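This document contains two forms of one protein chain, each encoded as structure tokens and listed individually as structure 1 and structure 2.
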Structure 1
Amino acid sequence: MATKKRPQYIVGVDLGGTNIVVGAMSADGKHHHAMRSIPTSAEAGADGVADRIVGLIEGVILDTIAQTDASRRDFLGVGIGAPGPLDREKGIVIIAPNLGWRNFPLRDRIGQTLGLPATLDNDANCATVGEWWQGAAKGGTNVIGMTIGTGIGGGLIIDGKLFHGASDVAGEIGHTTIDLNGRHCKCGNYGCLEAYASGPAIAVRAREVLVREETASLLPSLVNNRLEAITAETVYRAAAQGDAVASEIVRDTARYLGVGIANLLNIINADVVVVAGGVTQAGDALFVPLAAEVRRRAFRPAVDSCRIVPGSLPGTAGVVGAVATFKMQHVGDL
């Protein structure tokens, strides 16, 4: 009588500037168990945040054990997605401005505390791999993932493999120039895509219009006339209600993203572009003009062979992808 092979589990960690999200999955990717989220509390310092992550992982492992017949030895390890730039091989976060970290050995700090193997990869790479493994980019061979939030992160699947480049910076889509004499970006440069289409950039552009022009708009009323309280979220909400100023901001955002994506298509000739983040809430109001701008700028065969889709794993792509990156490194293919 053959013993049935016990299922194995992998934990995924998505470390962001605002929240830490941790979840466990069966190693075959079929089952998701226990997803937990807590605030990052970056002010706790690198060691403090690492302790919070370890605590959250312990909780997720216990939850998973409670939900399944798993025991602790059925956990293969932990995949961690963190903001970069990072040194994957050494498992070090080189700089994370939103966390205030510099050269922090996050992977070993977590792996050794837990006594489990761990891997570290870029958060935007993880989100892309998540969408590719189980989300909107499934089946793609050459995939571009864009995550639009506080910044614009990106990841690339090339020939069916996560692509890192020579020093783990491949896919930094947010800091490609779309207007060489354009808006100042917080990276110090001018005209980066991120300076136009990130969440904060969307809010800034809305405020500029309201201050500059005497136009009727819902926007001020949505923030009790405190323009500084406008966020990208406010803009999407006003646009959804038909506000002309907000709709114009969303259309411009679509155009900027379209330029950035057209550049990527002419370079990478991807078969899938998956766009994730709050801005995708705008739905067709974003994707229709975005696709039009891409068609205008990218080569016809590149446009025809590519689908541009919103992410289908909002909130979890990073965790799913962190599990996947661990699996690719320790188990082999997905």
Structure 2
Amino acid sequence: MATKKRPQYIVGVDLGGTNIVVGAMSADGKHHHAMRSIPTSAEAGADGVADRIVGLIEGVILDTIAQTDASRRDFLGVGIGAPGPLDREKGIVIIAPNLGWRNFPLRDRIGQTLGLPATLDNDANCATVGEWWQGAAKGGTNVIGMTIGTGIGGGLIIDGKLFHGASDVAGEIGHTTIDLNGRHCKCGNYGCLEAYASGPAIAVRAREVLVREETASLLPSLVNNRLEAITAETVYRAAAQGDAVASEIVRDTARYLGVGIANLLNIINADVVVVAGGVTQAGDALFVPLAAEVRRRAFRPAVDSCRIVPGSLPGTAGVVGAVATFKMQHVGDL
């Protein structure tokens, strides 16, 4: 009588500028298990953040063991999604502007501490793969993923395969230029999409309007008149309540994103664009003008063959994709 094969598990890590999210999945992707999240605390430095990641992973492994009949030997390894650019072959974060990291060997730091195999890929690549494997982009062949949070990341799936480029920097959509002489970006360039439409950039533009113009707005009252406390989420809430200033900020954000997506559609001719992250809280207030801007700027055949959708795995796409990238490297195709 054949021995029943024990289930195996993979841990996924989504490292962001604001939060770290870690979860475990069965290796076949059918079952999601423990999930934990804590603030990134970038001020702790790269080693301090790595220690936080290790602690979360250990907790998730213990949670999964408690939920199932698994043992530690049933865990195949850890997939890590981190801000880039990266050297995937060496497992190094080359530069992470929102974390202040340079040349940090994150993969080996995590894997060697845990005694488990580990892989490293761009966090936005992971989010894109997650949405493609199990979310809103499922079934797509040529997919553009955009993840909007502390920064703007991107991922590209071309002919059904994750595209990394010659040196692992493919998909850095947030650092494409939309204004030649525009706002300064944390990457050092000027006019990057991220400098206009990331979460912090949305908040900055809102504060600028309130300081520059004497316009009635709900925004100050939502933060007890502490303008420095305004976040992108504050802007979305005010816009949902009909605030004119916040609504205009959301419309401008949609137009900036529409410009970036139109450029990419004319280059890649994708069949799906999936937009994930906190910005999706704005709903139709964002997606309707965004789609209109894309139609205005991209070639008609490219627009007609593409659907632009919000991500359907809020908070988990990066974890799911990190599991998927580990699986693709160590187990085989999805």
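Just so we're on the same page, rigid core means the largest C-alpha set that superposes within 1.5 Å between forms. Numbers given to residues start at 1 and step along the sequence of structure 1. Fair warning: this is a prediction, and the values are worked out from it, not measured in the lab.
Either 1 or 2, the form predicted in complex with a further copy of the same chain: Only structure 1 matches the form predicted in complex with a further copy of the same chain.
So, does T176 move by 2 Å or more at the CA between structures 1 and 2, with the core held fixed? Result for T176: no, shift under 2 Å.
Once the core is aligned, please say if the CA of W101 is shifted by at least 2 angstroms between structures 1 and 2. The answer is yes, as the C-alpha of W101 shifts between structures 1 and 2 by 2 Å or more after core alignment.
Core overlaid, P39 C-alpha shift between structures 1 and 2, how many Å? With the rigid core fitted, the alpha carbon of P39 is displaced 2.4 Å between structures 1 and 2.
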